[in-house]
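Below, in structure tokens: the form predicted on its own, a single chain.
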Amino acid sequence: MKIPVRPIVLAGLALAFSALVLSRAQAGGSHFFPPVADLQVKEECGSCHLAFPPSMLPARSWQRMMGDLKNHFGDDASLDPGLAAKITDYLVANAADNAGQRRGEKLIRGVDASSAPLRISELPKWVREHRKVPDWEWRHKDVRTRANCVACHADAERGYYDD
């Protein structure tokens, strides 16, 4: 008995497509940003703060930031030039405007193409998403700064920024 191949192939394709759509839907919706996957980047950037997902800023921002590590938000975060280049390459390749970072593109919408913002917390979408957070919450001893995502987003290190 010969089994018809065409219906089996079509069923397999339908199942694979459904699994892909479902997995993306479960990946955190519009508040999911793939976390840093490179261990060296995670170790170097995460030694002082959350290693922010590269898809939260455009490539030009990461290049600007990595080009002036001596003045990294008031600290000297200088690295060996070879390691700095490797980290820059990773951040740029996974930036909001590269590698099909659909979620990151939403975050940088409204940012002038000629600007290279350094603070995620100053992006128009970030500001809109956090507009109802009262000033006193930002000053709370467990928060202290708008860059302290993990204070309010328990799963930020895994890329989830839902409330």
Partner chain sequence: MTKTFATQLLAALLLAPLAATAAPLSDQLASYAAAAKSADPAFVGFSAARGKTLHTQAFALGKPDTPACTSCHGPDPRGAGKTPTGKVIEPVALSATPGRYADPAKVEKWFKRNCNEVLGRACTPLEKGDWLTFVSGQ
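Positions refer to the first chain, counted from 1. Note that the coordinates shown come from a computational prediction; the quantities given were computed from them, not determined experimentally.
Missing here is the form predicted together with the partner chain; even so, the following discussion is about that form.
E43 is the sole member of E43, D68, E122, D112 with a non-hydrogen atom lying within 4.5 angstroms of the partner chain in the predicted bound form.
Here the chain stands alone, but in the predicted bound form its contact with the partner chain, taken as any heavy atom within 4.5 Å, falls in 46 to 54 among 104 to 112, 46 to 54, 59 to 67, 130 to 138. Using a 4.5 angstroms limit between non-hydrogen atoms, A93 is distant from the partner chain in the predicted bound form. In the predicted bound form, C152 stays away from the partner chain, with no heavy atom inside 4.5 Å. Proximity of A84 to the partner chain in the predicted bound form falls outside the 4.5 Å heavy atom cutoff. Along 63 to 93, these residues reach a heavy atom to within 4.5 Å of the partner chain in the predicted bound form: G74, D75, D76, A77, S78, L79.
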